[in-house]
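First comes one chain, alone, set out as structure tokens in the form predicted alone.
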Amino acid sequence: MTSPAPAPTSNQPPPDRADVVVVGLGAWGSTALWRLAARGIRAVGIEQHQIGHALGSTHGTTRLFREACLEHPGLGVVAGRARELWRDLESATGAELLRLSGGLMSGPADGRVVAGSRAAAAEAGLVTTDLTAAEVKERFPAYARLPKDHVGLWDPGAGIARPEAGVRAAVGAAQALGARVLTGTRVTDIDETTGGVGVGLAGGDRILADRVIVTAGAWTTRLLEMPLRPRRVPMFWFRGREPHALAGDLALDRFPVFIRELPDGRVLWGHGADEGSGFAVKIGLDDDGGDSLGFADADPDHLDRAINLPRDAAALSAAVGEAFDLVDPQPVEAVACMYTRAPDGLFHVGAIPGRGRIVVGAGDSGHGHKHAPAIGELLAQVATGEPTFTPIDYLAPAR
């Protein structure tokens, strides 16, 4: 399969009325628009930039996909539905959006990565495989430095997803089903009225809708009062110490998707080289909420996009050098990204308390892309009054 051309956009004036307006067409908003259009809903999607842009959270060639979601046991069901919908979107558009390679979670047996992933797998009814340190090293040569008292958990349902291609595919599929798309258009305010919800645009136009879905990522707090923190996140890619390594022991099939807890509690994540990542290894460190790893609270309109390698890469390079002897710890490529951190690290998905016509999908907290089409489905279900395919009380904005 090949990636589709960028989704067409419209230079037509905005409509006066819609059933549902989706504000922000990143990973969650684009799939919400697609799921609404699949229901025959008169939907309008609004994006302040262009489709598939690199100024928010949905870019960087790949994102990790996991079904054994250690962040909350209930997310395993969401990930399973996301996998089904990714495949549906691939069938509808001809784009390759999800590549399953399996995934290795490693660290102390009672640590949050292995124990959390095991609990999530059990909750979702997933089959995983426990591995000793010796078994991990035998199967995956890059793990030669894994401590003897650490273990592995193999998740066969893990892999990588394609963020930019996913957004373009979802928007294109939504338009093919009748959705309207406005690009280069900024929403200034959202105001409930007796007849619905008014969505104000920067040019002075307003759209009246029955419901509004806000999936504006780091810009969400400009429109809604929510306890969310936009964060600057540097992303890095690496090469092997040996020139041939990326075609061998550091290729995706030999160095698959991973989350690795180090002895001191730091957590590395990433995956091996494949054509979608420019044949480079992608590795990152979990954000601890401080500013010591190149992460920082951010203004999404004035994000520092310059990469300062001593500042941004020092902690990661040290961890990579400690964990993987086959990987050159000096990065070869870097970009600045953003995500929106929720206080408890879980998404906010549902109607805003006291403002039932406004539905929000926000607070991706660095692990939201894998779930995108399922989150889009949930947002469409909430907006149209359908029962959700799984209970989402733990994601409710009012929690």
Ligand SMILES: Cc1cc2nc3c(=O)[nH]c(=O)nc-3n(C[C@H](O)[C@H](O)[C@H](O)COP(=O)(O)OP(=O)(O)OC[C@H]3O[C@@H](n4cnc5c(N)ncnc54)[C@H](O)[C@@H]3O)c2cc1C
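Fair warning: this is a prediction, and the values are worked out from it, not measured in the lab. In this text, residue numbers run from 1 along the sequence as written.
Keep in mind that the form predicted together with the ligand is not shown, yet the notes after this line are about it.
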item: Distance check, Lys370 to the ligand in the predicted bound form, heavy atom within 4.5 Å; value: yes
item: Exercise: Arg63 in contact with the ligand in the predicted bound form, heavy atom 4.5 Å; value: yes
item: Met105: touches the ligand in the predicted bound form, heavy atom cutoff 4.5 angstroms; value: no
item: The ligand contact at Met338 in the predicted bound form, heavy atom, 4.5 Å; value: yes
item: Per-stretch contact check against the ligand in the predicted bound form, the hit in 143-151, 247-255, 182-190, 315-323 (non-hydrogen atom, 4.5 angstroms); value: 182-190
item: Heavy atom within 4.5 Å of the ligand in the predicted bound form - residue from Ala121, Ala273, Val233, Val136; value: Val233
item: The ligand in the predicted bound form reached by all of Glu67, Arg162 and Tyr394, non-hydrogen atom within 4.5 Å; value: no
item: Heavy atom within 4.5 Å of the ligand in the predicted bound form - qualifying residues of 13-50; value: Val23, Gly24, Leu25, Gly26, Ala27, Trp28, Gly29, Ile46, Glu47, Gln48, His49
